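The chain below stands alone, shown as structure tokens; this is the form predicted alone.
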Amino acid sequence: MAAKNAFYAQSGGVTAVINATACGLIQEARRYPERIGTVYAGRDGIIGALTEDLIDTSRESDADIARLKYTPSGAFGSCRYKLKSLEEHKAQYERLIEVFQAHDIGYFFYNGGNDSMDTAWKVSQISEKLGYPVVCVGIPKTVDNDLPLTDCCPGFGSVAKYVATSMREAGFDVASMARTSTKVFVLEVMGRHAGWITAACGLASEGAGEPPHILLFPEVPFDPERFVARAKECIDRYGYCTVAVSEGLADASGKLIAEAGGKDAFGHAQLGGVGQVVAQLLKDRLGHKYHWALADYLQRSARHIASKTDVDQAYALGKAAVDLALAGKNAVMPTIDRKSDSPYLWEIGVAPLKDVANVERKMPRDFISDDGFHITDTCRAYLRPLIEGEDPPPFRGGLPDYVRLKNSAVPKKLGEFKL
């Protein structure tokens, strides 16, 4: 049977290691030229497929593909664009299949989070109905670490390492100045509904009184009175208070503490500024000077301090996606299966896309302390292996030396398609 081409796309918020997944996938595909012809990448995610804006990765050298493993962000461009339901907008899915057919694409790899796994699942369904079978494999990626059926998600371990390191370093800073200056420091991190990144900040604290003193999770309804009382207790005891808070912090009614207004392309509320809100609350109630910081894109793009565990897993999942596709496994997602905490052992597993799509995994209650303000030893045992190991990129002139691909366009064969 003649070799079929493959389509790969990156979706949603990018990470420090999503390109490591692309590296693993492309390198593995190049090992089987008799079965996989060319790996095409979608320029700016699924939009590249809909608009027939494809990138020919065969034009990139083996050396540059290898450098992807050390380069953050999405090398081919990503997007926040959610395909509508099959019933609501069948034309979008028909267009995907039309593009795949025009370019002899028999493999579809979609690298993303919850919504992306839903897209991969839908494509697997519609391809059969339209009579052009495509092997569809979703590849997990999300700094939020909230996909089900996988022990962890690529991107999270490196964010966890970054925020824990930042909290430890900022804690030293605040402690040294607290007597005459700032007594309150708040770090706002990502996490819309799940507090995994906030929990990772807690790894910086290994003994009583060490920062962070308070963690505010989206899984625990925010109680201003309890929070202020705990902060005052920390300041009285340690001379200062450090806080890590999730962007998705909400009150008992479910109302977000800092909703900026508006929605993103996936229909999610735009968030931002909760760090300042809780810092100002302490200023108003306790009168102390504060500083707050927003980790924002810095936390997810910090390849210079990536977790080696995270890099290795991201690469392995890209490679596994190709192996699954070549084995004829359709509508599946490769997963990380943990075998042991200490020593940390893991292997590649597999899960059906239909059981992953649009399902969100939040922090287990036994990962959060009884008072709701910190993490438990059980949580530490889960988190610590994910941040371990260093795998720095090469440096040139004192700065990380990252690759920029040529991203050569594939000639179009079809008419224009309006999004």
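For clarity, every value in this text was computed on a predicted model and none was experimentally measured. Each residue number is its position in the shown sequence, starting from 1.
The same protein has a further form, the form predicted together with another copy of the chain, not shown here; the description that follows concerns it.
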Report task. Please pick, from E94, E233, D173, D104, the one residue with any non-hydrogen atom lying within 4.5 angstroms of another copy of the chain in the predicted complex. Result -> D173
Query raised in the report: Which residue among A381, V350, A66, I47 has a heavy atom within 4.5 angstroms of another copy of the chain in the predicted complex?
Result: I47
Query raised in the report: Any of the heavy atoms of N114 lying within 4.5 Å of another copy of the chain in the predicted complex?
Result: no
Report task. Indicate whether another copy of the chain has at least one heavy atom within 4.5 Å of a heavy atom of D296 in the predicted complex. Result -> yes
Query - Exercise: D223 in contact with another copy of the chain in the predicted complex, heavy atom 4.5 Å - result: no
Query raised in the report: At the 4.5 Å heavy atom threshold, is R338 in contact with another copy of the chain in the predicted complex?
Result: no
Requested in this report: Heavy atoms, 4.5 Å, another copy of the chain in the predicted complex: which of 389-397, 55-63, 33-41, 351-359 makes the cut? Say which one.
Outcome: 389-397
Report summary line: When another copy of the chain is considered in the predicted complex, the residues of 139-165 having a heavy atom within 4.5 Å of it are K161, Y162, A164, T165
